[in-house]
Structures are given as structure tokens and as C-alpha cells.
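Consider the single chain below, provided in C-alpha cells and representing the form predicted alone.
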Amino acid sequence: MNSVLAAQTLLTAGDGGLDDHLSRYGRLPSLDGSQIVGLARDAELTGRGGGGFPMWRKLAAVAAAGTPAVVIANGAEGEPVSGKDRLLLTRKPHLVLDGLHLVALATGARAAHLYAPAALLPRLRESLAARGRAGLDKLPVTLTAAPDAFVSGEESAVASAIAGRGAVPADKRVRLVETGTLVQNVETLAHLALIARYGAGWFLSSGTFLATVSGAVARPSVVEARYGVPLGDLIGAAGGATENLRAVLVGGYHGGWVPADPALPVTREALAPFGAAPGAGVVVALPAHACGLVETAKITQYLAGQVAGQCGPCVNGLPRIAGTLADLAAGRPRPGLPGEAARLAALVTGRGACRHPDGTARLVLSAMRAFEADVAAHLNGRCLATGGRL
């Protein structure tokens, strides 16, 4: 196995209980807010929820907002092909809660929340009760159930749900951190808890990310690795491809299609030419017999149905994009069909109340590039994947 595949740090064995957590990691060291921000900065810790934004900048912005801060651990994971956050909250809930209390200290927060799927809340209540008995938490943590919807994990939707207004994205013209609200993915918080114990230098040399690897692999699973891991090693850690691959979707439903090149490094820089990024660590292997246009049309149709219904790009634009992709996938050509897909993608980008239209457009444009030969074949009534007529 390649050296950039990590010895597990987040997913080491354990029962998820507090006794196991304390015996393995001990209690958090005593740190002040500036030390926590400095550790996040020196470790170059970035968000693991999809955006990849430097954590320390968000911490500093919330701390400087001039209003009592609210910190939220986001474990919603509305992405259908992601499972890392649910696994982490099951296996290492106390690392997440340690990280939540660290960011509360760094921002001077008056309230802390954990937002997660309803099915996980009973176990998380037990974790919080155990911490209370041990005197670990100075700030109470409120649990909130996350709806099972794609946009429910968008940070402004998370803040809205916590405030009791429903998990609906808000206008992105107002930066959430400027309101004194910090929403941070649970994996990012767990990393911060380890950095607090082992230091920024340790994380720079040994830090990891979690990837949910699925599709045409022998053992669909969550894999822990270091950034820079070759794509083939990630797939190999999930048992390897079960057949030849046509392409790989990286970054999830708001990600991009990349070549099935085993040597392709999983980094922002290496994936950028394909319109992809590591994102929330989703990797889906597309088998050679599957048509990339058909799969993209299915995803786009799903995304068009996962809208808040509050702005034109989602309500009108995404269904039109989905219909265009469906026509192309089914071999119902009309003049300028590929150009129409590109035009609609450009039309919705940057115009939504949240970034759901942007992510959908990014996926569509990625598919048009990655499956260019398939597009030409479909326009002529043929499918390269199946070898037959449409």
C-alpha cells in the first residue's frame, strides 16, 4: 500500500465510549483562544465539509464579529454517497465534541450545537451525558436533528435550522461568520481535537482526510488517507475496482468527473483541471459498462429535486438543466443540445441564494468535458458504454 495511505488516526478501533476515548487520547490540554486559532493556522487545517476553507480564518472572523458567538458542529451529511461523518460520529463522537468545545473557547461562544441525523441523536445524548458526569464540558451542547435532504447541510441552512426557522439556505450576500456564527464540519472538529493534543507539526506530517469510496469497488467503505494519495490507492483501500473503470466522480454530487488514472493525486491542484476537488472526500468509481452521461443525468435529476424553492436558479434553472441532460442521455438530440447545457450551467452559476446551483452546474460542465466522445456518440444515436443504439 502506498505510503500516503495513512495509519488511521480518526478511525482507530474503539467502542465510541468516553472511557475508551480518555484512555486513548487523555483530556484536552489547557489552551486559550489565541492558541487554538494559532494551532489551526500553523497546522493548515482546512474544512472537510466540501469548501476546503482555512479553519483559522473562520475562527478569527467569528471571534472578531463583535457579537456573542454560536458554534455548530455540522454532521448533517445530506450527500447520498457520503458516509464519513456518520461513521465518525458513531466511532469517535468525543473527538468531535472536544473539537466543538475548542472552537467555542476560541470564539468566546455563548452557545454550542451539534446538528446530526436523527438516528444518531440517542447515542450522542449518551455521549453528552457521560461527558457531563466527567465534568468535561463547561458549555452545554444542544442536539438538533438534521433533515434527510441534500441542502440541509449547507452552512446557512444549518444555522437556520438551529435558530428554529427550518433547514433552508439563506441569502449568501451576508457572510455567516459576520453574524458571529461558526458552522464547522464534524471531521474538521475531530482533527482540531487531535491537533490540540499532538501539535501543528504532527498534523502537517501525519494529518489525514476521510474518503467515502463506493461504486465499482469490492468493499465500499470509508477510507482514511493523506492528501496526495493516488486515486488508485484510495480505490485499492476499498478492495480495488471490480472491473475496468470509465471514470471516477470525485467530490460528490457537486464534484467532478476525472479520468480513472490510478496515479492521479487527490489534491486540489491535481484535480482542478477536471473541474473537481477533494471536497467532502466522496469517490465513486464508474464501471466501464456504465454511461457517464446517463449517470450524470440521474444525479442532475436528483439535484433538481433537492431545492429549497426560494430562488429562480433552483426552481427554474435546475429542472431545465436536468431535462437537457436527460435528452442527451436518452439520445433525443435537438440542435445545439450540448451548447444549451453549457448555457444553462453558466446562467445559474453565482445567482442562487446558496451554492446548490453552482455545484450542479459544475458537475454538468465536468461531465460534458469528461464524456465528450460520449456526447458526440449520443447525438448520433449511439452509446459508447453499451456499444448499442439508443
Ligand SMILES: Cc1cc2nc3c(=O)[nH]c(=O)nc-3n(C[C@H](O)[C@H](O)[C@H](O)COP(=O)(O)O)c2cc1C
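This structure is a prediction, so every number in the text was calculated from the model and none was measured. Numbers follow the displayed sequence, beginning with 1.
Omitted from view is the form predicted together with the ligand, to which the following refers.
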Work out which of the listed stretches, 339-347, 44-52, 62-70, 27-35, brings a heavy atom within 4.5 angstroms of the ligand in the predicted complex.
44-52
Have a look at T181, T300, T107, Q184 for me and say which one sits with a heavy atom within 4.5 Å of the ligand in the predicted complex.
Q184
Could you work out which of A277, V151, A193, V141 is the residue within 4.5 angstroms of the ligand in the predicted complex, going by heavy atoms?
V151
Please run the contact check for S160 against the ligand in the predicted complex: heavy atoms, 4.5 angstroms, yes or no?
no
Residue-level contact is defined here as any heavy atom of the residue lying within 4.5 Å of the ligand in the predicted complex; does N74 satisfy this criterion?
yes
Would H254 count as touching the ligand in the predicted complex under a 4.5 Å heavy atom rule?
yes
Contact label in the predicted complex: T188 to the ligand, heavy atom within 4.5 Å
yes
